[in-house]
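Given as structure tokens, the chain that follows is alone and in the form predicted alone.
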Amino acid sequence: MRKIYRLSVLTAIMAMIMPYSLYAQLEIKPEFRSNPDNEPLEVHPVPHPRQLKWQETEFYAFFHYGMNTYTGLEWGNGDEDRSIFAPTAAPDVRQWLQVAKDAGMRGGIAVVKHHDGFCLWPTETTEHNVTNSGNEYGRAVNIPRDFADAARELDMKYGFYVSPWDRNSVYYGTDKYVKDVFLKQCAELAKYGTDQFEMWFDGANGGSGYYGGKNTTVNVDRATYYDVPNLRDSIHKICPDCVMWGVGGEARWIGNEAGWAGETNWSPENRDYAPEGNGMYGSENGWFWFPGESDAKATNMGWFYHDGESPLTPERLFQMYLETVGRNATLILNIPPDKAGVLPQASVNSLVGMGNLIKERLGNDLALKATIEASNTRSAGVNRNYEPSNMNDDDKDTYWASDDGIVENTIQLNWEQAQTVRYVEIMEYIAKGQRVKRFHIETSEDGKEWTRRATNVETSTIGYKRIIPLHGSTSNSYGSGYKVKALRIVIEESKACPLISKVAVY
């Protein structure tokens, strides 16, 4: 057991007033921390429970819908006539979420206010909202209310994008905007459901805009202007599991909008990181648990709907999945509703096709049929064991661990009959921190001769989840596979004893 040395208050006072020669004779008594389950110590930083729940969402939808859907713009100036927002039918948010669910997603985030400042709910903070829309469909819109209701009905997680930047508001750039507009809008949105999993704050720092008729340029320092500590505290009181993305400082932009994360990707990071340079990779010795989210478009034009757009192919979307969820990031995939407030059929077909690929290629876990062993296993505690079988028991709360100080380990899976395998999925037990720094994978057709696989893949970090195509390609990932009777994961380097909660083979 680890010894903890603690000075008593009296000892500390005496240390200040007594000569060093006398103080040096004081006895410092050791105390012992009880650890009946022999649990490994945490490797800091570690995630907050809400960040763990957020990471477990893995793959979710982004729905950009609003004034820009009808103007054809991506960033409205804020001077758009409110009557332009005139849906040709009532927006069908349930259809949005049903398609997302069919694509294998676990949730969705609806844009309810973009940079143009137009709010898709009846808000008390501005006249620039749906109550002043151009037709009866528009005036009846309340996206946060209907989206939250549909998500609960479909057992999907949900959240909202609300732009901190507001090109319509005359108050933007002043304290009044933060206090009486932005923070109040966030508080209004929080009341649509205490079970929200994410609130999305774009990183735009201001610029040119209408600003209530000023038609000027306003820039702010996002690190201080939006009163983020107060924002986090107030939202968490209402929505305790709601992660504040981007400006909110609880999950980071992965650093590109192309649907990929770095093969080396640490969840620890520093809040002053350069997003364009390091967002894809994180920092091994970062001070904060600041995991990456990859936002990407499922269509070939903008974030909002544009006439003539086409969806990406299911194969391309599956590649994005491998390069984000399969690299210790989450994937938020944008599907823009059209002017009738529904997802176009071409997008629906592509997304459902992607969901089918995920089920077909990553749905039959061969590890469940394997015996599994490890080169070293930690001694069991009173209520917990660390056996290799914890890695293929389909329980996210159990894990294999080695003894303290044993950072090089081999995990081996064996089958009685040879299996055709293409992917290996590995998950660390990240509640106690991210640890693995380098590993590789080998396979054997006879259980005797071994061949290293995915040699052109950077097998460094694992994190929450890592999916390795054994032939080394994510762009043409399926292939013919390998006949395998045994497979081993060799952990070459780790910050501390590795903790692996799952090994899956497909």
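The shown structure was predicted, so the numbers you read here are calculated from the model rather than taken from an experiment. Numbers for residues come from their place in the sequence shown, where the first is 1.
Missing here is the form predicted together with beta-L-fucopyranose; even so, the following discussion is about that form.
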Checklist entry - Is there a non-hydrogen atom of D295 within 4.5 angstroms of a non-hydrogen atom of beta-L-fucopyranose in the predicted complex? => result yes
Checklist entry - K437: heavy atom within 4.5 Å of beta-L-fucopyranose in the predicted complex? => result no
Checklist entry - So in the predicted complex, does any heavy atom of Y137 sit within 4.5 Å of beta-L-fucopyranose? => result no
Next on the checklist: I'd like to check something about E425: if you look in the predicted complex, is any of its heavy atoms closer than or equal to 4.5 Å to a heavy atom of beta-L-fucopyranose?
Outcome noted: no
Next on the checklist: With the distance limit set at 4.5 angstroms and only heavy atoms considered, check whether R50, Y192 and D241 all reach beta-L-fucopyranose in the predicted complex.
Outcome noted: no
Item to check | Option touching beta-L-fucopyranose, based on a heavy atom within 4.5 Å in the predicted complex, out of F85, W200, Y211, F182 | outcome: W200
Checklist entry - Which listed residue (Y399, F118, Y158, Y161) meets the criterion of a heavy atom within 4.5 Å of beta-L-fucopyranose in the predicted complex? => result Y161
Checklist outcome for this item: Per contact check vs beta-L-fucopyranose in the predicted complex (non-hydrogen atom within 4.5 angstroms), the hit among 107-115, 232-240, 381-389, 121-129 is 107-115
Checklist entry - in the predicted complex, which residues of 465-490 put a heavy atom within 4.5 Å of beta-L-fucopyranose? => result none
